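In the form predicted on its own, a lone chain appears below as structure tokens.
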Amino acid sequence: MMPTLTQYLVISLLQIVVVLGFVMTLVPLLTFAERKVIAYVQVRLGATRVAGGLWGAQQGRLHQSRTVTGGLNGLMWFLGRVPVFSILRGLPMFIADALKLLTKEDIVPASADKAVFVLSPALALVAAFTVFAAISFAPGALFVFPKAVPFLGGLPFNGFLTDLNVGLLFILGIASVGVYGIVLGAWASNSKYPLLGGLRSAAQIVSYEVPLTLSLLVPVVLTGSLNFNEMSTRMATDVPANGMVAIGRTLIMFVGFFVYTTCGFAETNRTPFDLAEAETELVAGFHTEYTGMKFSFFFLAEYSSMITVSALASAFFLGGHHLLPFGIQGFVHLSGWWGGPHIIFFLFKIFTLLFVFLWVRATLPRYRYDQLMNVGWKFLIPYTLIMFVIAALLRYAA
């Protein structure tokens, strides 16, 4: 059943709402998860026992129950006695930060370029959200609207917004615009520390764009396509007839995953490549002069970019919508439900990589700036060039 233009527009709008809702829900939860992961790794009590037995019980439950946060803290502490619900300890801190960002005074420095200062966070956020238009969370329809549903009955609800033939090119092009939001915001602040952070970020992103793009050219060469769904499926399930080529294909995907993920950390300004936000050197970096919701826009863009990096790594190296990574799915023929593409496999891989982002921040120290550049130009770029040549030889041999 082919939808009419109006039905197509309505379904597209619903899909946009679902995708943005997913991202806007996941990003705040990531900030909460980041505090919890770092707290458990580094034994920090704040995010695991905030205002619970260490504060509320000692101050008296009568006083505690008179405040909204006090009552919430008491509930969290009570639920924390159950092992499964202990993860909820620290939730009031997360809620308080969200309320603070919504209510904090929106300040624009007197000497700032006001128009650019205001537009920069929006530019970074829009670029980070727009890339999801070409990311496929499921290769086909998630479900079909029941016949009883008025106007949309019998029509499919797809797991992607658009199925572009040049989907990867669209993602890389739009994602690269995000650096302008950081650089312009740093420049518009008219302050030396944000400017230094912005220049660092620009040099860092430009440097790591090269190996990141080259690492993604490996699946492009191996599949001969730029379509997200086609690339993901072929990287997961195709098995060349030549056995040596098949083994080489799996090995290069394994190496390419680590190269791409390393570049992804730098692209998103995450530890150990967070030189643009180095608090000990730059106060807080490029967003020093931003407050309130403008400040939060930069962080929404950063966490959204983490989701994008995780989605691309999952799609082109970890098997995408299929269960097994690095093309192993083509060698192992799984039967039944496990053998098909599912959104659950894709989301699980994304969440696992997001946990790795948080884990790395809790364990690795920050690079020096010269070390950051050395890794990019002296190691990653030569590695990706070699990988690209090997991928071309494998494609030719197959």
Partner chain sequence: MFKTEEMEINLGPQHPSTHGVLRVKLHLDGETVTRCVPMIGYLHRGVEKICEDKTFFQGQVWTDRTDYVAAISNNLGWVEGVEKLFGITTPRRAHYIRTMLTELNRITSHLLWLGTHALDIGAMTVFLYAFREREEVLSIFEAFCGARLTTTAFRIGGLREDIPPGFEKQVRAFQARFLDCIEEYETLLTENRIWKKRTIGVAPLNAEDAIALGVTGPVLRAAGSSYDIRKAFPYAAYAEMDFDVPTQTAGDTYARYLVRLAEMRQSHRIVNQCLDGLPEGPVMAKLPKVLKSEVNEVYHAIEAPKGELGYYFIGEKGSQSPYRMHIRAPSFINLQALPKMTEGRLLADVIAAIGTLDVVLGEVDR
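Residue numbers count along the first chain shown, from 1. Everything numeric here is computed off the predicted structure, so don't read it as measured data.
Keep in mind the form predicted together with its partner chain is missing from the figure; the text below concerns it.
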Notebook entry, point to check: Taking T162, D238 and H322 as a possible spot, do all three reach its partner chain in the predicted bound form with a heavy atom inside 4.5 Å?
Noted result: no
Checklist line | Partner proximity in the predicted bound form: P109 to its partner chain, non-hydrogen atom cutoff 4.5 Å | finding: no
Notebook entry, point to check: Though only this chain appears here, would I38 touch its partner chain in the predicted bound form if you measure heavy atom gaps against 4.5 Å?
Noted result: yes
Check: Does any heavy atom of Y367 come within 4.5 Å of a heavy atom of its partner chain in the predicted bound form?
Finding: yes
Notebook entry, point to check: Quick one: is T363 in contact with its partner chain in the predicted bound form, heavy atoms, 4.5 Å cut-off?
Noted result: yes
Check: So which stretch, 238-246, 189-197, 292-300, 314-322, is the one near its partner chain in the predicted bound form (non-hydrogen atoms, 4.5 Å)?
Finding: 189-197
Note to self: Exactly one residue in D97, E281, E230, D113 has a non-hydrogen atom within 4.5 Å of its partner chain in the predicted bound form; which is it?
What the structure shows: E281
